[in-house]
Each structure stands twice: as C-alpha cells, then as structure tokens.
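Single chain ahead, written as structure tokens, the form predicted alone.
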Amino acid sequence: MILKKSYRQNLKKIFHLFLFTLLFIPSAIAQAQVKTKISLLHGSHREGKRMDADMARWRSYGLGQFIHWGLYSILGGKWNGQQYNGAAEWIRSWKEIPKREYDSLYLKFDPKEFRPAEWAAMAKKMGVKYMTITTKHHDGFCLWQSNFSTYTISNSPYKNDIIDPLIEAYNKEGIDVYLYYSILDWHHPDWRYDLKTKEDSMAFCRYKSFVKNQLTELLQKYPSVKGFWFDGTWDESWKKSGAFSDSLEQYLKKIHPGLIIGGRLRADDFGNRHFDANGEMMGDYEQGWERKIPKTYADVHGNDWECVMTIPENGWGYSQKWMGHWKTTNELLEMMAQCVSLGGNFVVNFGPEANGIFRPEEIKTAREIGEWMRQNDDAIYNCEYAGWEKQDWGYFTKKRNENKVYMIICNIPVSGSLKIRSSAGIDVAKAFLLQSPEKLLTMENIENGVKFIYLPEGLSFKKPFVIELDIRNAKQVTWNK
C-alpha cells in the first residue's frame, strides 16, 4: 500500500509539472520574441507618421521633379574625350581627372540660357507638385551666393544667384521647392571621410559649423522652401556625429517650423543611418527608395516615402551619352502608379545642360507625362494605399478622405475583363472610365468579394488608363491597412 500511495503521489507531481511546463513554455517563447528596446539619446524622437498640415501637404503631392545641375554638367560625363562610366555628377571622383582642373570649372560655368520661368512652366505642364534642386552636390560648388564659401556661383562668369529666381518661378506656378544639400564635400579642406586623429576631429568640427551656417543661410535667404533633401551622409565621419546631426535637425526645424527633412540626414548613437538601432525611421520620410520601388506596402513599414527615378538607367546630372535603358513615358507612368498605390510620391529626375537647357528627350518625356496627368491626375493627387488585393492589370489608389478608388490599368487581360477584390465591408456601387463618367461599366459579382468589370468591346489604349470606382453608398467602410 505504501509503494502504491507513493507512486500515485509522484505521478501526480509529474503531471502537475507537465501542465506547468505546457503553460510556461509559450509565455517564455513570447517573452523571448519581444525585442528589448535599446535606450538611445539620438534615435527617432517620434513614433508613427507626422500628422501636421505641412506633412499632409507633402503626402498629397503624388508627382515631383528632381534637378541635378552643377559644374559636372559642363563635362557631361566626359574628360579629354574619354567616357566616364559612372553617373555624370560623380566624375570628379574618377581617377582619370585632375582634381585641380575639375575644381577650376567654376570659371567656365555661365548658364546664359537659364530661364527659370520656362523651367517652372515645363514642370507645371508636367503636373509636378514639388521639386528639389541641387544647391550643393558632392563637388562642393554652391548654386547660391553663400557667405561661407568662395566656391560659389558668385565667382563664376554668371555671378547671379540660381536658387532665388528658380524658387520664385516655381512658387509662382504653385509648385513647392525643396533643397538638395550634400553633406559630403570633396572641395572643402575640413571634410574628412573618417576621424582617426585629433587633427581630423578638429577639422571636422570646423566643417560641421560650416554645414550649420550654410543650412541656416539657405533657410534665411529662401524662407518659402518646404524642406531639405540630404545626401552624402554615408562616411564614418558623419556616422560618428550622431549627436550633432540630431541637434542640427532639431535646430533647423526650430528656426523654420514645419520644415520637412528626409530620413537620410541623421545617424543614431551607434552610427545607424535611415533607421535607428530599434528599427525606427529617423526623419520625416524614407529616402532609401532611390531608383527602386517597394514590392509591397509592408516594405515601407507604414512610413511616408518617395521614389526618385532617373530617366536613363543611372544618370542624374547631364551626360552627353545616356548609358543603359532610356525609360519610356509609359514605363514612368506605371512606376508612378505603383508608387502612389503603395502610399508614396514619385519623383522624376532631370539633368539640364550646363547652359541651362533641357535635352529634347527630357522635354518630350515631361510633355507626355503632363498630357496623361491632365486627364488622369485624380488618380494620383492626394491618393493613398487602398488596401485592396493587387491584380495583374495594374494598381489601385484611393482618394484620401473620399469614397473613391481608382484602377490604373497598365496591362489589359486578353479577356477584356478586370478582376477586383475589395477590402472587407466595401461595396462598389458603380464603375466608369475616368474620362466617361456618364457611361457605366458592367460589373459581375462572383464570390468572396470578387467582381469582374467588363470593358466595352472595341476599346484600345496606347497609354495606361483609369477606371473610377464609386463606393459612396458603401456600408461599414473600413480600409484594410
């Protein structure tokens, strides 16, 4: 009897231990999966998106323009008849080119054909809502009359400020202006790639003061600008300057309330760029989508973002020879549709010649984009991610704060029928071509929220086209994000 009682007691203990283990293991696993947040002094200072009016305006743009222009435009990617195989604005870094000779190019910079009103008019007709101009690229040459450098437009044959009349012309057309500024500066004597000695640190301390002075100057001279687009922050010297870059961003926003700064300026306590050690974005929007587009909405982690796209394969500044594939207007339109469908802005880069004239191919591209925008811009401006299941024919966009979803059709199925699957709770009341709202398209309900929209027979399209879906009569509308 004693052995049997002891056996039963041990068995009961084992059973209780087994139950406890079953209950404890999931909790332990869950706790292990929770990532401990790293304490940072100079990481992200905000969770989630900026929700103020200035950022809402940025979010609504849809289409932008980028302009790379400077001394590199004189060379156009060539030196003494030799072709530089990299991006034209990087030619000073080429081992074949004497640095002193490049640095003396400012004596030849005389853009007598620069007509800022014509630039702005071209952008307006293209449908551009904001533009970014290179005030100072990696070569250090300034397109404005800076009091903190002699390497500026003031000492060129042209002498006149480029930035002031350009901002005035674009603002007159209702286009917001942002300023590109390279932290990296090949020309400045105090720039350092890394800080390995006391002398390096002293020199870079002077350089940081120079940067702060120039950025302050830009905001004071051009108070209507909406923000900065920073570049050249990848070197160890800047990555080791997280405290300074953090204080610089806060200082700029204090003297210019509402200022918008991309996520490329800062480094955190450990030298992380774009995103801090906790994975949080530093800055107001993601700048990392350069010549590439995210595949899914999840790839942008709920952040605001923009894609800056070149027309040639990899050409920003003017090049006499455009290398690689030249993107067609239809390709750029589809890229724009894809970006807006994922909640981002799409920005097309242009590289005018040194004399201030855009090459004919760029003018043609801008004109053709504008022709499409004049008929279809409802599907681009102030639109966002719809949360609907993507289909092979193209992309969905949703008008912010309105019950309108747009289908931007880039590839018509051979059947002529377009499949849609809306988010839960969404009822599509009617569908029509954006340019023919009086002619409703036939819809057929399938199951599980699937519909087919049928295009009229005989229609043919040479460009992407738009169908508007009217869901004003929807009940319990909840957007799946």
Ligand code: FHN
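Heads up: residue numbers just count along the shown sequence, starting at 1. A quick note: this is a predicted structure, and the numbers were derived from the prediction, not measured.
Just so you know, the form predicted in complex with this ligand exists too; it's not on screen, but the next bit is about it.
Visitor: Going by a heavy atom distance of 4.5 Å, is D231 a contact of this ligand in the predicted bound form?
Guide: Although this ligand is absent here, D231 would touch it in the predicted bound form, with heavy atoms inside 4.5 Å.
Visitor: Hey, in the predicted bound form, is Y170 touching this ligand, heavy atoms inside 4.5 Å?
Guide: So Y170 does not count as contacting this ligand.
Visitor: Can any non-hydrogen atom of E89 be found within 4.5 angstroms of this ligand in the predicted bound form?
Guide: Yes, E89 is a contact residue.
Visitor: So in the predicted bound form, is this ligand close enough to I369 to count as touching (4.5 Å, heavy atoms)?
Guide: Because no heavy atom of I369 falls inside 4.5 Å of this ligand in the predicted bound form, the answer is no.
Visitor: Which is the contacting stretch out of 188-196, 159-167, 356-364, 135-143, given heavy atoms within 4.5 Å of this ligand in the predicted bound form?
Guide: The contacting stretch is 135-143.
Visitor: What is the one choice in Y285, Y406, W238, W316 with a heavy atom within 4.5 Å of this ligand in the predicted bound form?
Guide: The residue in contact is W316.
Visitor: Please pick, from F270, W393, W94, Y180, the one residue with any non-hydrogen atom lying within 4.5 angstroms of this ligand in the predicted bound form.
Guide: Checked against the cut-off, the match is Y180.
Visitor: For the three residues H68, R264 and V308, which mark the spot I'm curious about, does each lie within 4.5 Å of this ligand in the predicted bound form through at least one heavy atom?
Guide: Heavy-atom distance to this ligand in the predicted bound form: all three under 4.5 Å.
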